[in-house]
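Quick setup: one chain, the form predicted alone, written in structure tokens, and binding and motion questions come after.
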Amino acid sequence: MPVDEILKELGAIKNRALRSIAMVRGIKGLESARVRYLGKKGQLTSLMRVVGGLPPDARPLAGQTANSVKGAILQAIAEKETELKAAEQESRIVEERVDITMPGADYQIGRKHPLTLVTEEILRVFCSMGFGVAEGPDIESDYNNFEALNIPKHHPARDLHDTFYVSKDVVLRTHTSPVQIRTMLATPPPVAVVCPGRVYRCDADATHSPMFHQVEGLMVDKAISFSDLKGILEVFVHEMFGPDTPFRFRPHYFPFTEPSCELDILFHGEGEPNGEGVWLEVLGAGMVHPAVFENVGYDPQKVSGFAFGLGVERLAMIKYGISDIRLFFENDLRFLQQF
């Protein structure tokens, strides 16, 4: 290519490049323009290779002109980049500007869930009487959940539990009694613990939930009697529901205690006829079955003990006058802010 044509093409490239750069509206577009003219396959780069093949006498002028065009393009790119970044920063300042005349956000202070409040109150009462707190896993072995508690396979008492099975020998625990088993397996008597936690059963309606909370208690030592159980639970009832709350024990059946009972309180709620109140079940209890002691390596001839279990949701419903257990799990702030 003759020198005069190369010089003419260099001028044309310079004019096209400067016009393209001037019309760019963003950093990405500017980079595309740079590649178009100065990239490895760019227009100016390709032409500069041609300049390298010119005769020696024509090469200096063409080379000087090509470098001048390249410098002009680079300068235009740098100036445009500065302009675009300044415009971008100005735009961001406008978009992110805080209107200090607007009222501040109203941040609400969180509160404890009613089930947390009731659980803490239950633990406070029993811990004040010398009980410790023990916890265990929600996913439990079939043995700890049933067999160690005197509920062997095919035992009719298993009909009491609609169980979520993870596998043949693994379940979502149906009560927190497995924590009592774990505690006795790991600790020689005397033992006095309460076991709070989530439990799971296949049941759901206004008074039952497939997941709910229990607190169970266990006391084992020499010469523990039903009178000790009665005294402990009397203190608990009067602490939770008031010192004048009437209560009673009714005979019942549990596979893991013998004798077994349920405890009721006389409840006075709105709409009760003649203000006489109704008896409401609060918890189940009893003396630990000798077979349970044998399963954990305790000698039933040397030690005795009692166990009890209560549903946290049930106590909360009685304590706060709530008729539907599902309210605890709906996360409705209008409900939760009452506590």
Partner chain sequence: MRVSYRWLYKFLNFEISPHDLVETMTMSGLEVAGALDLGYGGEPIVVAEIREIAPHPSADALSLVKVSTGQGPLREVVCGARNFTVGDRVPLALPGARLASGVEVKETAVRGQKSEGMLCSGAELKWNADASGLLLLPEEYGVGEPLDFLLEVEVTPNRPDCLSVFGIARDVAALFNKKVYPPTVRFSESLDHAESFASVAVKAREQCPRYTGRCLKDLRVATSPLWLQRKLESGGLRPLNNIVDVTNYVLLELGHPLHAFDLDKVTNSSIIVRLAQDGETAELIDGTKVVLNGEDLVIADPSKVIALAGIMGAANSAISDSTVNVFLESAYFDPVTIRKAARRLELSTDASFRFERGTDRGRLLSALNLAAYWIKELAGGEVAKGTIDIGGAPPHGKPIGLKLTRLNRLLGVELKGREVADILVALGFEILHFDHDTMMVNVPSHRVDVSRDVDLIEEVARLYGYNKIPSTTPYLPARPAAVAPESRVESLTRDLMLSLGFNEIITFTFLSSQEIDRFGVPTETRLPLKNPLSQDQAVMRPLMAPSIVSTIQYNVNRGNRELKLFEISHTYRKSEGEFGREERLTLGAGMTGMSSWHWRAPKREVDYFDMKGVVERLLAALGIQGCEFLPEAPAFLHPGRSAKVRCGDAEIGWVGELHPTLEEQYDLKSRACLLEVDLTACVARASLTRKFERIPKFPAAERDLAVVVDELTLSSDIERVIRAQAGELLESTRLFDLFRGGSVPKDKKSLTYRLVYRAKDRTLTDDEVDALQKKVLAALTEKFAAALRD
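Keep in mind it's a predicted model, so treat the numbers as computed, not measured. Positions refer to the first chain, counted from 1.
There is another form of this protein, the form predicted in complex with the partner chain, and it is not shown here; the text below is about that form.
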Which of 69-77, 84-92, 237-245, 115-123 lies within 4.5 Å of the partner chain in the predicted complex, heavy atoms considered? The stretch 115-123
Q) Applying a 4.5 Å heavy atom distance criterion, does His213 contact the partner chain in the predicted complex? A) yes
I'd like to know whether Glu96 contacts the partner chain in the predicted complex, with contact meaning heavy atoms within 4.5 angstroms.
no
Distance check, Leu336 to the partner chain in the predicted complex, heavy atom within 4.5 Å:
yes
Might Tyr200 be said to contact the partner chain in the predicted complex, defining contact as any heavy atom within 4.5 Å? yes
Residues in 308-337 that come within 4.5 Å of the partner chain in the predicted complex by at least one heavy atom, in order, are Phe328, Phe329, Glu330, Asn331, Asp332, Leu333, Arg334, Leu336, Gln337
